[in-house]
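Shown here is one chain on its own, the form predicted on its own, set out as structure tokens.
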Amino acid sequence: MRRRDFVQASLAVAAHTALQAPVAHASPPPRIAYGSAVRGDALVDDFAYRTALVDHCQLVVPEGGLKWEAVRPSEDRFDFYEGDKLLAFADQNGLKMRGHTLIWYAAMPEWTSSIRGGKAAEKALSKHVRTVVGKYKGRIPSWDVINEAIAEDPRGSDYLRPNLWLENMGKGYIETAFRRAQEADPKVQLVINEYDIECVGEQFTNRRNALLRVVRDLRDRDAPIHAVGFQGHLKGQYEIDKEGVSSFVAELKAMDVDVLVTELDVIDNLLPADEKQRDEVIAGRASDLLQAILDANRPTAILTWGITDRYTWVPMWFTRDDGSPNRPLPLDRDYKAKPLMDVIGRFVSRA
């Protein structure tokens, strides 16, 4: 699935088309685009990292460079250095760039703690979304508008994660964010992004159901939501709920809501020490998820949260007790492809 095996020009068009809001057309759909989250420091300092991105990807997304913490050093100042740097890299190499993320409960600058009341919160949210999406209008074709809105273990009416926006605006903050994003760029694909909705278990089921509740509410209110993002930070010790995932995707399809995989990796701290065996489990989990999605609807894109084990968030939270390095991503620390890359290649090559 190396990028040089594709025609560069047609892939650029395919990646752009795949990330648009649904449009009826008679021609066959383009290949599913593959992409990776990118760390700004590694992009500057590591030639092999840049090469791997160009060789394998059609899409890139900043790992942290467009979050509030990076973009909003103060209430009145926007800093687009990291976003602009990655977009320039993408443009130079025939890639497309996704936007991540407009509204999230975490990575908020300290000054936002002074926001109080519905009017002040709506003003701050609207200013941020309009400014950031507007800055990249026509250049970023897909945005994660809302990230991780679902409560950790949703129960009854407590199905949304507590955060600044929910506290001050109520659940309407979600709709407001989507509408402001559409106002800033009417052609962009607007996504709600969520984790822990893929595996077998009551908590995963409850989270899928809560997310469906949010999407249905947005659809009932004619809000501009186009897709759900499966983060896909898979816990390797758990089976994928293939039936549950397919049913979930089918319900989204019935509402004319697409899906994409936005942050795929496999957390391997509880998997066997043997690397070959571990890599096989990791590839199997990813294959099960992607097939379950595809059985109900074709994903518009597949992105991993990093491309190489050299740069991954996983060891920060899921260090292995045996001291061996984590292996959650498609390339190992020396940029050699692993079975996970083979799995991704099989899916992105499908029309």
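Bear in mind the structure is a predicted one, so any value in this text is a computation, not a measurement. Sequential numbering from 1, following the sequence displayed.
Another form exists, predicted in complex with a small molecule; not displayed. Remarks below refer to it.
The small molecule is not shown here, but in the predicted bound form it comes within 4.5 Å of a heavy atom of Trp104. In the predicted bound form, Met316 approaches the small molecule with a heavy atom inside 4.5 Å. Proximity of Gln182 to the small molecule in the predicted bound form: non-hydrogen atoms within 4.5 Å are absent; the residue sits far from the partner. In the predicted bound form, the small molecule lies farther than 4.5 Å from every heavy atom of Arg72. Picking from 116 to 124, 199 to 207, 159 to 167, 229 to 237 the stretch near the small molecule in the predicted bound form, with a 4.5 Å limit on heavy atoms, gives 229 to 237. Though the small molecule is absent from this view, in the predicted bound form it lies within 4.5 Å of a heavy atom of just one residue from Glu263, Glu82, Asp241, Asp258, which is Glu263.
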